[in-house]
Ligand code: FUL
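The chain that follows stands alone, in the form predicted on its own, written as structure tokens.
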């Protein structure tokens, strides 16, 4: 996975200009417009026209965020060598998954509640899971399916059969390609591979660029033509989002522990978060937290593996993350305005292993139980106060033990909330603070240490960046 040491020729100004032009390229230019914005169920709060100047998501970014949860499949020659990073010298003959079943992958993803699945079509070793014309280091040189197989094809077909969205990972770093380091030649080579992936397999929802490059100071130095690479994706798959450390559409969250920053803004300063591979404390901080005053919309994706490694290793069959750990990750990723990308690697048979499948089922069951007790829609009374400051209150039909609150902004209008708190009133007691935080974004989950029985609830928006947001409030009662 990510080792942030690569460099390229783009200047910060070039990158900022690119993002200013491409953030909405998939859906056309989005001019400043006037639209009514008001709090939900608020007859006493006047409607207002607002000119939204803050960054907003494109249609593709909005669809990506609404997925909430995706699976990542690391699969390739490393699966058979027991390595995390291959050296590109592997014999393609080792790739021979006897029972590969992409339908099992896709079915497991759907049952786990994922809405998108991303496959490593090519990792750093350069081995391609499709019969590419660019290199012999591919499935076409393996014994699998008699050399006529295409993992990417089977994957895409299976994922779509389950009504899920398709994502593909194609590593820029390639330890097998002889032209890697001969920058113009390799850029053409890499773009040819991307072109195959983006023209032969239908609609792609997410294109995943890893920032890793472990060549070291004495290794080959490749200058990536990111403008051309990203432009190729925009042209061939205009509805896809692109992920890398820095974007241009989706940013890395800054770690592989499954933890987004708190707060986590979907906006960033493009002069800090620039190009893949650039590192430093200020950049990591910006990746983790975003920037309240950022000028481009680039939400964070939280990637983490269900096992210690990213590829399958038999010795890790007993080291699959616990349900409690996965639930914690849900709250620190999806619950912090991010999207969770959970890696579950296929094994040497070409199947998701039984311990992983079982844990995904348990994880889904735990989430279903946690969010099953949603309190029916309440009548919220909202009022605007000075500051600007907004307050919404609701009376519950009876004292109810609440243990999770989900807040969500209508992010199609941008991210506006900068500080909030939630208070509850129990029978015969004063208001008490149940949760507080800074920004909300698409989803903010607050979970209490123990359920609190409340008869009234109020949400106070103490600070707003620009204008009146639309905030949705959902309450979940503790399981009995």
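Keep in mind the model is a prediction, meaning the values are calculated, not measured. Numbering follows the first chain given and starts at 1.
There is also a form predicted together with the named molecule; it is not shown, and the following applies to it.
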Here the chain is shown alone; which of 212, 396, 242, 198 has a heavy atom within 4.5 Å of the named molecule in the predicted complex?
212
Pick from 206, 249, 303, 174: which has a non-hydrogen atom within 4.5 Å of the named molecule in the predicted complex?
303
Contact with the named molecule in the predicted complex for residue 137, defined as at least one heavy atom pair within 4.5 Å: yes or no?
no
Applying a 4.5 Å heavy atom distance criterion, does residue 348 contact the named molecule in the predicted complex?
no
So in the predicted complex, is the named molecule close enough to residue 72 to count as touching (4.5 Å, heavy atoms)?
yes
Would you please decide whether residue 310 lies within 4.5 angstroms of the named molecule in the predicted complex, comparing each non-hydrogen atom pair?
yes
Counting only non-hydrogen atoms, the one stretch of 138 to 146, 118 to 126, 402 to 410, 233 to 241 within 4.5 angstroms of the named molecule in the predicted complex is 118 to 126
Hey, which residues along 133 to 171 are within 4.5 angstroms of the named molecule in the predicted complex, non-hydrogen atoms only?
169
